[in-house]
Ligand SMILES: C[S@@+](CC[C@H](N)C(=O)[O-])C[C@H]1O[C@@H](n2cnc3c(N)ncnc32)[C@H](O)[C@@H]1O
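In structure tokens, one chain follows: the form predicted on its own.
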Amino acid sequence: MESPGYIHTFSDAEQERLIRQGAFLEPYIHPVIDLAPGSEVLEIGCGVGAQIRILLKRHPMIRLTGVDIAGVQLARARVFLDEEIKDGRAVLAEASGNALPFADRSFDAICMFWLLEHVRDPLPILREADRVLRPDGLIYCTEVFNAGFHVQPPAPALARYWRAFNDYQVALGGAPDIGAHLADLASATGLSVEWLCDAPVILDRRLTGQEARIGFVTYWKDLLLSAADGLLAQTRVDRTLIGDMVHALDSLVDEDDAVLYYAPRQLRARKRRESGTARVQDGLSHSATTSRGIS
């Protein structure tokens, strides 16, 4: 959505990967999202509807509207969310996050997952979100912070591929470390930042069982390979590096001392009662921001 170039492609296989990704990451990123019963909720950049299904499962008394700029993603979402749409709990619309087709103060809460990493300028989207949010309404934003990716023992091929992956996203107009800037962006929009936290996704000794460890590694292989065709087309990687990267990930399954640490960042901000996309007059305030860990 709003992307000058989408690193993951819009293929059928990628759409299915996004649904699997949503299910895999649910226990890491959804526990902090609190939506009141009866709320009208908007997801900007809903894609194939993976997060909408999870939100409705965890908050069955809300009504959720999803918008995305990509018609092909919405077509898959309409199939995936057929039951939720028929029972009136979900509504989908094709729209740009820069120009939402809703009146001011239409929603009680807004959610965004993995959206701002794909746009050149996130502020217009946040200003539109602020516009359609009701006073005291909440925004939950979950984003990448790729600089925090860590693997032990060292895996040179994985590190090289990860650098190429992130450089490619930047070349496409994306921002692979946008999570570090969420509090400043929200403050610049006039929102009151309530917290900013990490949501660590970790493989270490605590993840026991072959099936669980294979599932963890498979998630990362699928994610990294989703950009492989583009990386190959631009000669940013070659097939040997791809094979070595996959081998490095597979080796983590049976390595007792293996650690793969990655921490997306999550923000909750509230619309000020007097704001209508208010400007912060005295600079970007960090005073309302706190850090919390999620285990």
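Start at 1 with the first residue shown and count on from there. Computed from a predicted structure; not experimentally measured.
Same protein, other form: the form predicted together with this ligand, not shown, and the subject of what follows.
Among residues of the shown chain, residue 165 is not one whose heavy atoms approach this ligand to within 4.5 Å in the predicted bound form. Under a 4.5 angstroms non-hydrogen atom cutoff, this ligand in the predicted bound form lacks residue 190 among its neighbouring residues.
Using a 4.5 angstroms threshold between heavy atoms, residue 269 stays clear of this ligand in the predicted bound form. The shortest heavy atom separation between residue 50 and this ligand in the predicted bound form is within 4.5 Å. Note that among 228-236, 250-258, 63-71, 32-40, the stretch whose heavy atoms approach this ligand to within 4.5 Å in the predicted bound form is 63-71.
Screening 133, 126, 115, 183 for any heavy atom within 4.5 Å of this ligand in the predicted bound form leaves a single hit, 115. This chain appears without its partner; in the predicted bound form, the one residue of 155, 217, 95, 224 with a heavy atom within 4.5 Å of this ligand is 95.
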